[in-house]
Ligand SMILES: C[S@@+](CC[C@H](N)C(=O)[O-])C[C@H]1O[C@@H](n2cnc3c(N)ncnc32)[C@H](O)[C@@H]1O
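The data below hold one chain only, encoded as structure tokens and taken in the form predicted alone.
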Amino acid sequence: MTDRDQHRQAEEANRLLWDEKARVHIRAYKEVQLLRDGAEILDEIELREVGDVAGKRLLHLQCHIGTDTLAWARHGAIVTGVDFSPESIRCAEALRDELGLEARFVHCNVYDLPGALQEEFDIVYTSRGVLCWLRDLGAWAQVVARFLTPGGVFYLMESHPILNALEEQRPGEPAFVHPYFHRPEPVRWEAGGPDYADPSHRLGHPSHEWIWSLSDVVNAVLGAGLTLEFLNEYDRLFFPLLPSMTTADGRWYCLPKYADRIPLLLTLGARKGR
């Protein structure tokens, strides 16, 4: 079996995992209820960095159950969400219909998207826990560039790659335990662990995750011909990755002992040339 075949098998296992997660998240995501309540679920960081989206065509890659996609629709964007999990797309469409919002959702692997969509977009957006599911970062960045109109903007919000290497071996003491730099083979995590949105749910499928460094991300974007406009780092994260993380609002988490010492979040903005 070739490496490509093995990676395809890993992707298929991940698709089954995300089908399962979609069924959990549509009932357990706090963001789903916040959307139903008319509340804002996008963070002030991305709202500020992406800017005004009213009337702009926005493509959301790896959209999962569409919560962020629909939040951008409420800000006036003309949105299209894409995900490789058919169950995620089904949940996204059901939530869209329930909320009475305008949005298109497409079931497609991100690498195959050029064969499924023809148009271009003013903004390509992806956010929160997406990079580790990508087997080929260069091909992903090429897809991003393909769907940007000349002058269009790509925006990424993601956990900082340095976190892939950290683990708490003692309470409150992060240590470098895992590799930081990319390896061709994914890391396999066995089934049975808790889901982050509903810890009482034990996942019935394993996951396969790829490690990418900060330079991998930047070089993939530059290699696709995009111009980097900013790369920002923050000391808060969108989920409690480490046991000692604390939260004041139930949505963002930090390491109080390591505030201003360890980056937890990155955002990246890049533009396609005219």
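Numbers follow the displayed sequence, beginning with 1. These figures come from a predicted structure and were not determined experimentally.
Note that the form predicted in complex with the named molecule isn't included here; everything after this is about it.
Within 4.5 Å of any heavy atom of the named molecule in the model of the complex lies no heavy atom of residue 160.
In the model of the complex, none of the heavy atoms of residue 186 sits within 4.5 Å of a heavy atom of the named molecule. The named molecule is not drawn, but in the model of the complex it has a heavy atom within 4.5 Å of residue 109. Heavy atoms of residue 207 never reach within 4.5 Å of the named molecule in the model of the complex, leaving it off the interface. The contact with the named molecule in the model of the complex, taken as any heavy atom within 4.5 Å, belongs to 130 out of 166, 130, 101, 197.
Residues placing heavy atoms within 4.5 Å of the named molecule in the model of the complex fall in a single listed stretch, namely 61 to 69, out of 61 to 69, 32 to 40, 217 to 225, 47 to 55. In the model of the complex, 67, 68, 83, 84, 85, 88 are the residues of 65 to 89 with at least one heavy atom within 4.5 Å of the named molecule, listed from first to last.
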